[in-house]
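Only one chain comes next, encoded as structure tokens, the form predicted on its own.
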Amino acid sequence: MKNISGFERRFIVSGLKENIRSDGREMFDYRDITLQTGNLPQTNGSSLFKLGNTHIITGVKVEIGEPLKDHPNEGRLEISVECCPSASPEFEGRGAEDLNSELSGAMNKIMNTNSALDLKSLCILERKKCWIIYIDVLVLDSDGNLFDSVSMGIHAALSDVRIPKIRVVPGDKVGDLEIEVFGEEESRSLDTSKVPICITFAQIDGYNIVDPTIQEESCMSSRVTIAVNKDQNICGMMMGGTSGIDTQVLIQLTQLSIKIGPGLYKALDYMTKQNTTKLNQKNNLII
């Protein structure tokens, strides 16, 4: 956590009393978002996501592997998040390891489920072969609110993913089966309509704000991150900070996250579509 002076803290709190934050936003405004997809050529999907001065790059690789024993007819996601030590002083040493583990665990928990992604559609041969989607996230620069940034970066990268077309054919030996993988031109996209994104609130001196900067996180007493999908369903909740949040306040923030979610999804979908259009125009394939 970044250390700030007493004067900086008083300045932030005094602004909240007037519904004005230090960067000019109101309490429930997000910072500017920019998004590029398909920027890593050696991947099956990728995104470069920026929320204010927080920069996230996400790469996705799709490989054939074996399903888990307790989910024999499903594929799976394996998500790893790493905070670059140069991104922030708090990422040096043990601090980065703990945060990497927390972010990776949270993303796997809310996204590696059938309610987020149709994992059964990733099954190739029950109990034998499935698609495994490896998602690697690198935090290049941090100015706060990593949960939201990482989740939206992953959502955008998954929207960019293409799954190769395959065919199961008889092998050389009786009873053996082999998998033929076709070229990229016959690949398919993933249905990401139910993949959730995170919406994070911080509480500072009793005031609740969304999308906290790193300075605001240094002042907060508690944090709640709520995962929502396009259907406005709550998919998960994570708490942080040194204090709890009143039950009624938590209900209010949950309702607020449901209202904020559609606007974020609309922005992500628009930017993803614009990026795809530009990419295809470059290749003379306007869609």
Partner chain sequence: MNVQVVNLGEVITNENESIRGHGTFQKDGNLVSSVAGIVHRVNKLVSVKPLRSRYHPEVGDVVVGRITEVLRNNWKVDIGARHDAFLGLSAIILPGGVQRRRTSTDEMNMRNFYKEDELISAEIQKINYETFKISLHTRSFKYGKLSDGQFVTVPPMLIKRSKSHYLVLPNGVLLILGCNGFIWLSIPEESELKIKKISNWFISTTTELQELEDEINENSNKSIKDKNMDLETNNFDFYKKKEKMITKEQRLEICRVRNAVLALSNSFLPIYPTSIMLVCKKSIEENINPKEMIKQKNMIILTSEVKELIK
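These numbers were taken from a predicted model, which means no experiment stands behind them. Numbering follows the first chain given and starts at 1.
From this point on, the text means the form predicted together with the partner chain, which you will not see here.
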| item | value |
| --- | --- |
| The single option of Q215, S104, S121, S115 touching the partner chain in the predicted complex, heavy atom within 4.5 Å | Q215 |
| E26 within 4.5 Å of the partner chain in the predicted complex, heavy atoms | yes |
| 4.5 angstroms heavy atom contact with the partner chain in the predicted complex for R10 | yes |
| Residue contact check: S22 to the partner chain in the predicted complex, 4.5 Å heavy atom | yes |
| Q274: touches the partner chain in the predicted complex, heavy atom cutoff 4.5 angstroms | no |
| Partner-facing stretch of 257-265, 62-70, 242-250, 29-37, counted where any non-hydrogen atom is within 4.5 angstroms of the partner chain in the predicted complex | 29-37 |
